[in-house]
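Quick setup: one chain, the form predicted on its own, written in structure tokens, and binding and motion questions come after.
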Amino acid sequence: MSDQRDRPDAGAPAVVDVVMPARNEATTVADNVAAAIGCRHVRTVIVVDDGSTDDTARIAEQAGARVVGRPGSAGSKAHAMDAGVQATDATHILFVDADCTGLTSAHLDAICEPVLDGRAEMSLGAFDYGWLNWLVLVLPPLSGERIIPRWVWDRIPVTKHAGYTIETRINEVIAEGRLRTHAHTMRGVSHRTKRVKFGVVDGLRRTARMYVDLLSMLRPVGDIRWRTYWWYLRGLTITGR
């Protein structure tokens, strides 16, 4: 475990901003902005409009978010997240997906507290999959609902900012640094799936492509060591299965 005193934010008061990447999420973005604004630990909610062709940006702004645009973007979650991080001077970033359903301010409060209380360097909430929750919580986390210190994000090389694989890169920094993670289930929270957004056939194709891309990040094809997952588990605390 790395020494707390060596970290860039050691001794600094925590300032938390939300970064919410969004591409064509007009259906759900307002509810998620409202949940983020209501989180008692959050200063500002930043929605990054990642080249939307619908009313995502206007609806997010009306809901109270600060909107950062990426006009003409073909869509990249990693680059949208980075645009949001670069738009704030917060010490901690609470990432929230714009397509969540059932998300409340209380869910986000519960995500923030383990990090702000000093019990973990990363804290995340997993979607509620019922009887599968125990399994989801021990798998490498892909959840978009997580809080990290800004310096964790800064340690991800820009060359590794690639689409939806970015959550795995965050995990890599945490695990390789022997840092602590807190995870719990967000009861009643789900999201609009790719099948809902793009139709059953295209949605399933996109989902399959995502998992192929994620698995290809592991050695020998990719550059992530298998033992990185072991270090992640060593630092993992689970509550609320």
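Residues carry their position along the shown sequence, with the first being 1. This is a predicted model, so every value here is computed, not measured.
Omitted here: the form predicted together with a small molecule. The next part is about that form.
Task: Triplet 22, 77 and 98 all within 4.5 Å of the small molecule in the model of the complex via a heavy atom - done: Checking in the model of the complex: 22, 77 and 98 are all within 4.5 Å of the small molecule.
Task: One residue of 66, 41, 197, 180 in contact with the small molecule, assessed in the model of the complex (non-hydrogen atom, 4.5 angstroms) - done: Answer to the contact question: 197.
Open item on the list: Please pick out the stretch from 33 to 41, 172 to 180, 57 to 65, 187 to 195 that is in contact with the small molecule in the model of the complex, where contact means heavy atoms within 4.5 Å.
Closed with: This holds for exactly one stretch, 187 to 195.
TODO: Report whether the minimum heavy atom distance between residue 151 and the small molecule in the model of the complex is within 4.5 Å.
DONE: Result no; residue 151 lies far from the small molecule in the model of the complex.
Open item on the list: Taking the small molecule as it sits in the model of the complex, is residue 207 near enough to touch it, meaning that at least one heavy atom pair lies within 4.5 angstroms?
Closed with: Although the small molecule is absent here, residue 207 would touch it in the model of the complex, with heavy atoms inside 4.5 Å.
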